[in-house]
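Heads up, the chain below is alone and in the form predicted alone; it's given as structure tokens.
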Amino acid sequence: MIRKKKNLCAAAWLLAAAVLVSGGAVGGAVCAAKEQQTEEEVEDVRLKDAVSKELGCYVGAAVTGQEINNRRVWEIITTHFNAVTLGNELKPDALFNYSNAVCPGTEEAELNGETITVPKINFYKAENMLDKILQWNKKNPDDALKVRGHVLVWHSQTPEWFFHEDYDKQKPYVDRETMNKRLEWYIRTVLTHFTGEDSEYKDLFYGWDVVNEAVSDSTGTYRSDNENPNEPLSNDTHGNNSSWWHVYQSNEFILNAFVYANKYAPADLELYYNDYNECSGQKMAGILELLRAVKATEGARIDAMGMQGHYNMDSPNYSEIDMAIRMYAQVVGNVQMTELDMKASEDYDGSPESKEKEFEEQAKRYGAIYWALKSADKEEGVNITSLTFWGTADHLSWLQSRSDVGGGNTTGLPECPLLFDEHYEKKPAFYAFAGGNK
């Protein structure tokens, strides 16, 4: 267990990070700032206040439908964050009521003067969460929460039947013209329902991830339908392969998604591209190409690049993060950290001794990342507009389960990736963001 007196040094993690970045020895610098704040001041600080003071941005956390009703999670969110991302409930499979194997039924819809057949959408799971947030905001206007929409177009959690004739994956794939109609209908339906003039939720959302993870890790070009040859396209959903690409064989669906999103989104709803491994040189080049293509497309709009930030204790290093921020800012201006968490060291085994060491090193690592964000934000043409952590407490993190989705846990080893431990207590990593702002 981390001793509370360690928190007195937490205010110095950013100072330590600065020394690390400059190549100097940390030594006594780690605790040099411990006298800057009293223990009471450190304990009372709210994360959103501290980070907003430094970056002036949204400070968010991801939360799922199960977690939002956890009293301790809700206390953390409403105390320390001013924004949330619904972890799953606005993804296509959730809106199709997790009917991944078979289409949940169809109905008729009008699109551009034409009647088309579309699958039925169920908004209940997302609305259940949003209603709780709305109620909180009405009672606590000074601590209101905003929401980031996540995500409209993604290869991974879109049912395979969505790409086939009659929404039946046993039948042939549809052509691009048909898929464009489905794409426009889907984006229009979701954005209008949640952000349209008549929506009770319209004032909740500050932005929306339009396209997610469309660049390949292995090639640095667009993600194809053969990223993983061992993953059949006939699977109900995909971890790696893209049926979007299979239908289009080009980036047309990406460009159209931003055109349609701009067409149906309110002017003040920001639109984003979001990806992981975003600091890797080869993949970064591919992401930059995607951003430039969207910017050059008539009728499209993109307001920021979302760097997911699924990092580990060794990489990416400070220089790689710093360079990525600046490169993306050259194209879109605004940059965000959207899913920040930290995989544990290879020798971390979850024991008390290992945990104490890991927590201290993790705080330094988070401090260096925060320093990169703050340093870049001070530069002309660079704006950090959101910092979101992918979860609240360690034991609830998606990294606790194995996953073949990008950035996931591929080893099954214990993880401690977030700012609050399994007892919902602040970790030293919390003070890397909240304790160094005096």
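These numbers were taken from a predicted model, which means no experiment stands behind them. Don't overthink the numbering: it's just position in the shown sequence, from 1.
Although it is not shown, the form predicted in complex with a small molecule is what the next lines describe.
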The small molecule isn't shown here, but in the predicted bound form which of Arg365, Lys169, His155, His310 has a heavy atom within 4.5 Å of it?
His310
Here the chain is shown alone; which of Lys355, Lys91, Lys343, Lys283 has a heavy atom within 4.5 Å of the small molecule in the predicted bound form?
Lys91
In the predicted bound form, does every one of Tyr58, Asp143 and Ser386 come within 4.5 Å of the small molecule, counting any heavy atom?
no
Within a 4.5 Å heavy atom cut-off, is Asn274 in contact with the small molecule in the predicted bound form?
yes
May I ask you to check whether Pro316 falls inside a 4.5 Å heavy atom distance of the small molecule in the predicted bound form?
no
Is Glu360 one of the residues lying within 4.5 Å of the small molecule in the predicted bound form, judged by heavy atom distances?
no
Indicate whether the small molecule has at least one heavy atom within 4.5 Å of a heavy atom of Asn240 in the predicted bound form.
no
Looking at 194-202, 246-254, 210-218, 223-231, which lies within 4.5 angstroms of the small molecule in the predicted bound form, counting heavy atoms?
210-218
